[in-house]
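In structure tokens, one chain follows: the form predicted alone.
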Amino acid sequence: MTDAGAILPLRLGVNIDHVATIRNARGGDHPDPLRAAKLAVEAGADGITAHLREDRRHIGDKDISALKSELDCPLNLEMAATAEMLDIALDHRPHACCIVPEKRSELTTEGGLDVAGQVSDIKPYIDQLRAAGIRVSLFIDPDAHQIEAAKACDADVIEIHTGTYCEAAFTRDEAGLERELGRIEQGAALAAQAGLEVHAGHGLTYDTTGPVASIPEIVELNIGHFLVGEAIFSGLDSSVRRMRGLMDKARANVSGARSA
């Protein structure tokens, strides 16, 4: 929100990692993540996110080069805080870098980054990225200590991990769902008060996006796996447009409630 209390528009970042996962299952160059990125933007995405993992299990170095050179929209590079990834980011100069935790054995990112326990290690990466004109986001759980640490590290943005909230929805744990949504709301408010831009993502679906999109402090959602999965049935254009519509509807309802 602005100082005047106006609610900012909500951006959609589409993660195209799992287009590359499908490609890599057989080898070759189909389906092409760059083509998917362009389709997502045409359908209403405001930016594209890609996670370059240490083991290159989906997105590869050539994908990052192609995305950076061919896209007209912001590219958000997800990466671990390693010397290799720092060099790649400084070479390609994406619009933003989101620093995430990474373990070789995980199927997907399992939780937020422990910034509070690594301030002295993470801050030098942030300093170098910001000096190169790259916005820096930290992917964290909605925890006050992590938010305070993100501010201490001079991050520009936090991205709140919504995976636990989405898992509660999947298991129909109503108490857990209410609790986790409350944590996200409180974390977003605390981060915004600290001067951090607030994003959110991980595991969001058509059913779980609305309540998160209704949190006024959150200005961007990053969604990938679900949209790529739905694209199998309806096409990527359709899945992105539907998600965009749900986000916009939720945001409009909040704006309407504020002005009533």
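The first residue of the shown sequence is 1; numbering continues from there. All values derive from a computational prediction rather than experimental measurement.
Beyond the structure shown, there is the form predicted in complex with pyridoxine-5'-phosphate, which is absent from this document and is the topic of what follows.
A single residue from the set L34, V198, I223, I64 has any heavy atom within 4.5 angstroms of pyridoxine-5'-phosphate in the model of the complex; that residue is I223.
When pyridoxine-5'-phosphate is considered in the model of the complex, only one residue from I184, A81, C98, I126 comes within 4.5 Å through any heavy atom, namely C98. Partner contacts here mean any heavy atom within 4.5 Å of pyridoxine-5'-phosphate in the model of the complex, and among 26-34, 208-216, 189-197, 224-232 they occur only in 224-232. Although the partner is absent here, G60 lies well away from pyridoxine-5'-phosphate in the model of the complex, with no heavy atom inside 4.5 Å. Under a 4.5 angstroms non-hydrogen atom cutoff, pyridoxine-5'-phosphate in the model of the complex lacks G44 among its neighbouring residues.
Remark: S239 does not count among the residues lining pyridoxine-5'-phosphate in the model of the complex, judged by a heavy atom distance of 4.5 Å or less.
Of all the residues from 146-168, the single one having a non-hydrogen atom no more than 4.5 Å from pyridoxine-5'-phosphate in the model of the complex is E159.
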